[in-house]
Structure formats: C-alpha cells, structure tokens
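Take a look at this single chain in structure tokens; it is the form predicted alone.
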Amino acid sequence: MKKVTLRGGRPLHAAAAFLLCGTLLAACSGGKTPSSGASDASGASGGDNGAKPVEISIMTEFSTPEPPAADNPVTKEFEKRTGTKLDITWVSPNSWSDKQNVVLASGDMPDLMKVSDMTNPQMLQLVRQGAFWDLTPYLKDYPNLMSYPKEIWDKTKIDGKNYIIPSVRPLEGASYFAIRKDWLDNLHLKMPETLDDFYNVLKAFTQDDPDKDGKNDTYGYTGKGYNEIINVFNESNGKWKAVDGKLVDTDLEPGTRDGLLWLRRAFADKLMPEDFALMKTTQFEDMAKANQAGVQVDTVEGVWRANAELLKTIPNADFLPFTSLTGPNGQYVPQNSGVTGVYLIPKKVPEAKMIKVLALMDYGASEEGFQLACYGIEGVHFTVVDGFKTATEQAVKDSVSQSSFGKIFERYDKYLWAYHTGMPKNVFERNKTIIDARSKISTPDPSYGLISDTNIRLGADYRKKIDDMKVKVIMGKEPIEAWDAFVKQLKADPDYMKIADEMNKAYQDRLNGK
C-alpha cells in the first residue's frame, strides 16, 4: 500500500484512553442543571448502557476535495464513542456564505450551526433576539473547551456573554502568499522580500516560461486574497488598524490607494486572471493545482493541497509559504484571530440536548477526539512510523483531515496549520519553522469581535460598495480618481463615519476591560 506521511502526534496512553472511554460511557442522560453538564455530557449519552443515541444535526464547511460521506468510518467512530447519531451537512466553501445566510434567515437551523464570521449581521441580530443559547453558565463544566486560550473566549463574547463556541485555530499560519520555489529556481530568482521584488517575480512567472514547457500558459498570481497586497501597504491586518490608541479605517488611508495602484498595474500586465473577481475559492486552488499560477494565498497547511496534486506529475513542485513581505512600513504578515468561524446552538434545542451538544464538542476538543478528527483510526487511516504518523490512502479517500472533521472537533494547537494529511515530515518541519518566524512579527487584527450596531445594520452594503469600487479600479474600469472621490464621499457620510465612532467606543471598552 502506498503511504504518505503526516505530522506526528502524541499517542494516547492506553490506560488514559480506557479511563476516558469509561467516563464517556458512564456519563449521560439529559435534563441536568448547568452545573452537572460536563459529567452528563462527556459521553453525550452512554454508548454501552442501552440508551438510545442522541441525534444531533450539524451544519459546517469542508475544504477537502470531497466532503466525508454519511457512512464515513470517522463519523461512525465519533458516534460510537459519544453515544450520538450525527447528521452532518457539509457545505462547499464556494457556497458557504450564501448557504449560512439562507439557513439563518429561514430559522430552520440544525442543532449546531457554524457561521463563518462572528460579525455576521444576521447572526448578531438573531443572538440579540434570543434565538441562540447563552452558554456562559454551562461552559465552565467543559474542561477541554475551556482549555482554548482565554483571549479567544474573551473576544468571541457578544454583549459580555458566550453565545459562541469559537472554531478555534492557531494564531500563526494564517492565509498569506505562497510561492512556487521550483519556479524561482528554474528562473534563477531569489525569494522576493519587498513589494518591488514580488512584482518583478510575478512578471517573470507570467512572461518567462517558469515551468519550462515552451508555452505562454502561466500567471504570476491567482488573484485570491488581493487585499493582502493592500494590507502590506497599510501594515494592517484588515480594515482596522490601531494607531495611538485609536482604530483607523484603512480604506480611507493612502496605503489602500497605493495598494490599488500596485494591483491595477499587475492586472494591466496580465499577472493575474482577467476574471479573478468572479472566481470561486476552489477555482483559485484549481489554478495552482493545474500548474498555472506561481503564487496562491492560503493557510500554511492549505497550500499543501495544491502541492500534493502537482507532485503527481512534477516531482520537484514546491509551494513555499512566505514568512513576510516588506512594504513601505516594514515587514508584514497577518496574525490569525484564533477563530475561523463560530458555532452556535439554537434556543429551540431543548436544554438537555444542548448539554449533549456541548459534551460532543468537549470530546472533540479532547486529545483523543482531536486525534480522531484529524488523523482518523489507527490501522485504517494511519500508522505510526518512527514516532511520525503515516497516513494511508484510505485517509485521503475518507477525507480525514483538519479541513473536514477537524473543522468541527477542534483543539488549540499552535502547529495545526503546519501539517496536512499526506504531508511529508520535512515539509511539516519547514512549516513549523515558518510559523515560529511569523510569530515574532505577525500583525493582529485589533477589531476582531468588536461590534458596531450601525455596522450590523449597514456594514454589508458599505462593504459591497467598497469592494466593487476596488475591483473596478484594479481592472481599469474606473480611474484612480474615482477612488479618491469615493473616499471623499465616505468621509462625508454620517452613517459611515458613525461606524468608526462605534468601533472605537467598543475598542476603548475592551482596552478598559469593560
């Protein structure tokens, strides 16, 4: 059987596993008070005590090539170990935003619902209307969930309460540029460090036949995540930047204008696809997999999906994640919020069942549950070789990955984004080095979790108008002067400026511990 390798992990001691399973199987039955939730739910209903499995519906996303099938052995193992019957709706990243909004609007939500952004206006409105459980009095009984960093729990509070179970992810290894190192070598180019270097490399990747096939069939950059270029100019992780104790809206700053000019030139020089603004998430990745693009944007582990596909025909293919890029204000690489989406439990779910759902998630956050989610079943999905877990082809066939089950059952691991199913040990070790280097310079988003009521009401419309104007300027459909006029218009708009005032009020409250 052909083997592929992935990251090593700590084996669960047999005695510990036995005790844990014993706890799970012994636990159970609903209708308990919050203080008894953990012991009740650690098994989410007993597996061998004859109790009927608790049916739990879940809606989430996946980033593997295919979603896990309903009869997936990992799903069955989770059900066996937790005394549940899981009905998981896996939604493609291409339709995730639309699907979640449709479900939120319908009110017909599953028992556990993932939302991609905690500032989603529909979700916030529903929270304030009492549509979701306030989990604050319950969470203390779930030690594995409470092992998430306190700062992550704090910034996912809404009006001071924990309605949200954060979809926890590492702080380092966020989506950023990754470059074809083998193409750099083919063209005798160095790893770019500055934006000027970067531009010149993208141009060479487009015009100088980097794959040496004699054809003019490559782009420098897929175009995904173009705002990262603007972020380098602003040295800001997104729309808001902390300056002298205040939040500044970078869309109104000169750095955004400079970034748009850089991208406009790149588009005019055909360094990115003409239809980049219309492309779906998987289409960007398909370009990278098809040997058509020299730079893509993804997490450090996500980059591996394209690389693994390329290795089937190009033995030395190598997408290398950047440590940083240097712009006018210095080195920049984004820091992740530690949260990639949020889970909520609708209030229509009875309290006893809500406690079972928390128990299921707590088991998923345990060492055993996390290992099962990310690596699968030993002997079926992996073996351990020299202390390093080696995945079988069955792991790929069953979509066992942190990009599928690992998006539900999560444990905080700073190197989670260093590995991916099928990744060899040398790449994993290199990725850990990149993550460690990023941790010394990465820029956090100071606005994550801050709520502006005006933004809830009007933010989506402003966001669309701003993004549309950016794309028009990049594609040359509007002159840069149109952007200048647009910024002037935003500065004169009292509703738009009110968002900045409310965000700053929320920021000051956070700084003052309110």
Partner chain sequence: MKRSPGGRLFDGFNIAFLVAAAAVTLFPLYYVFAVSFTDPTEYIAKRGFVLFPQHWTLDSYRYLLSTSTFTRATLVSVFLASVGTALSLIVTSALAYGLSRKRLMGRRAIMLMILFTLLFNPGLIPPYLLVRDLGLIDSLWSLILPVLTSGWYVALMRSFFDGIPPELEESGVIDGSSDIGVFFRIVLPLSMPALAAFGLFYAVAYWNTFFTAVLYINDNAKWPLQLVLQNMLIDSSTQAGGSAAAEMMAEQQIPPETLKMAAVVIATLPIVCVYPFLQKHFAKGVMLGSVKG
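Heads up, when I say rigid core I mean the largest set of C-alphas that superpose within 1.5 Å between the two forms. Numbering follows the first chain given and starts at 1. In this text the structure is predicted, and so the values were computed from the model without any measurement.
Although not depicted, the form predicted together with its partner chain is the subject of the following passage.
- When its partner chain is considered in the predicted bound form, only one residue from 172, 301, 362, 398 comes within 4.5 Å through any heavy atom, namely 301.
- Of the residues 346, 225, 254, 143, just one reaches its partner chain in the predicted bound form with a heavy atom at 4.5 Å or closer; this is 225.
- Remark: residue 64 counts among the residues lining its partner chain in the predicted bound form, judged by a heavy atom distance of 4.5 Å or less.
- At least one heavy atom of residue 98 is located within 4.5 Å of its partner chain in the predicted bound form.
- Proximity of residue 267 to its partner chain in the predicted bound form: non-hydrogen atoms within 4.5 Å are absent; the residue sits far from the partner.
- Contact check for residue 386: no non-hydrogen atom falls within 4.5 Å of its partner chain in the predicted bound form.
- Partner contacts here mean any heavy atom within 4.5 Å of its partner chain in the predicted bound form, and among 133-141, 182-190, 157-165, 105-113 they occur only in 105-113.
- Shown without its partner, the chain has 403, 407, 417 in segment 403-429 as residues with a non-hydrogen atom within 4.5 angstroms of its partner chain in the predicted bound form.
- Comparing the forms between the shown form and the other one, the C-alpha position of residue 397 differs by 2 angstroms or more, with the core used for superposition.
- Positional change of residue 316 between the shown form and the other one stays under 2 Å at the C-alpha, relative to the superposed core.
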